[in-house]
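As structure tokens, one chain now follows by itself in the form predicted on its own.
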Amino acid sequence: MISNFNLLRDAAVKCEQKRVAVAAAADVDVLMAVKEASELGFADFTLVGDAGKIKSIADELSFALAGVKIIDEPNDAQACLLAVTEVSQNRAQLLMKGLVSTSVILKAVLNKEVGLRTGKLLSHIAILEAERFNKLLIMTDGGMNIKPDLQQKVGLIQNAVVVANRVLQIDVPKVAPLCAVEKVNPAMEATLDAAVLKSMNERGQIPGCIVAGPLNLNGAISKEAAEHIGLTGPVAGQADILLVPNIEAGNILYKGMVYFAGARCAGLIVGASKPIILTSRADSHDAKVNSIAAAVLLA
């Protein structure tokens, strides 16, 4: 079976080439991803970080750095600010997190003078591919919004729908607000929110998608499980977007799929003026290449 991420990369190659500003780029996996994306031909790069370390790692990888711009800045916070400035000044179209903590790069993204603020909710989107599912799944938010309230969940869905449209080419994605049970329980806030989100969607307040809930995980992604427990409707067993109730649930689901199930993945921050490529520092270079390709399609 051809990987859906490989198809996504092929689609990115056909897009107009984008320049990516990488903050704190002196890392083996980051530069392996930069090299692979450069060779595949869907992105050019500006590397911001310790120039000596970047060149040393590139030599180890036999990466000639042809066409790559390097901005020497060994301080991580300043490297993030410079990378964000490259994007805000349109010298690059995409921002990528290198070997730096998420909080540091987000502080630069939210900088009032050179940042990428839009007034919209910023959210993390994970795209996941597990071997037994012949599709890419979107999961949000396991990396940024800690305990989203109802209005923030509306924003999370809206951001995820944009990614589903532009990156996965799904016109009307199916959204499952995940809960522990598939029925409304007043003692479980996530089920109450899921029911309201479904009602808002039916009334046209969350357009461009189909929302059903509450749904538990198996009822959202497995047709067999959905049928067995009596779930019906267009989303049951066929979800494209999994909306998790909080950051812990999303973080555990994401890492569980990667480390237990060997899922391939990509990670983005959306809601800023330009897409942000953001994966865990421990994620593989494959995940980073997938993320670059997804960001190129999103842009």
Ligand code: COD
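In case it trips you up, residue 1 is the first one in the sequence shown, and so on. In this text, all values refer to a predicted model and were calculated from it rather than measured experimentally.
The same protein has a further form, the form predicted together with this ligand, not shown here; the description that follows concerns it.
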*Spell out, yes or no, whether the shortest heavy atom distance between G142 and this ligand in the predicted complex is within 4.5 Å.*
yes
*Does the 4.5 Å heavy atom contact test between I146 and this ligand in the predicted complex come out positive?*
yes
*Contact flag, L106 vs this ligand in the predicted complex, heavy atom cut 4.5 Å*: yes
*asked:* in the predicted complex, is there a heavy atom of this ligand that lies within 4.5 Å of any heavy atom of L82, even though the partner is absent here?
replied: no
_Under a 4.5 angstroms heavy atom criterion, identify the one residue in I170, L121, L178, I157 near this ligand in the predicted complex._
L121
*Considering S273, S56, N251, Q238, which brings a non-hydrogen atom within 4.5 Å of this ligand in the predicted complex?*
N251
*Only one of 193 to 201, 121 to 129, 72 to 80, 225 to 233 gets a heavy atom within 4.5 Å of this ligand in the predicted complex; which is it?*
121 to 129
*Residues from 56 to 86 in contact with this ligand (non-hydrogen atom within 4.5 Å) in the predicted complex*: none
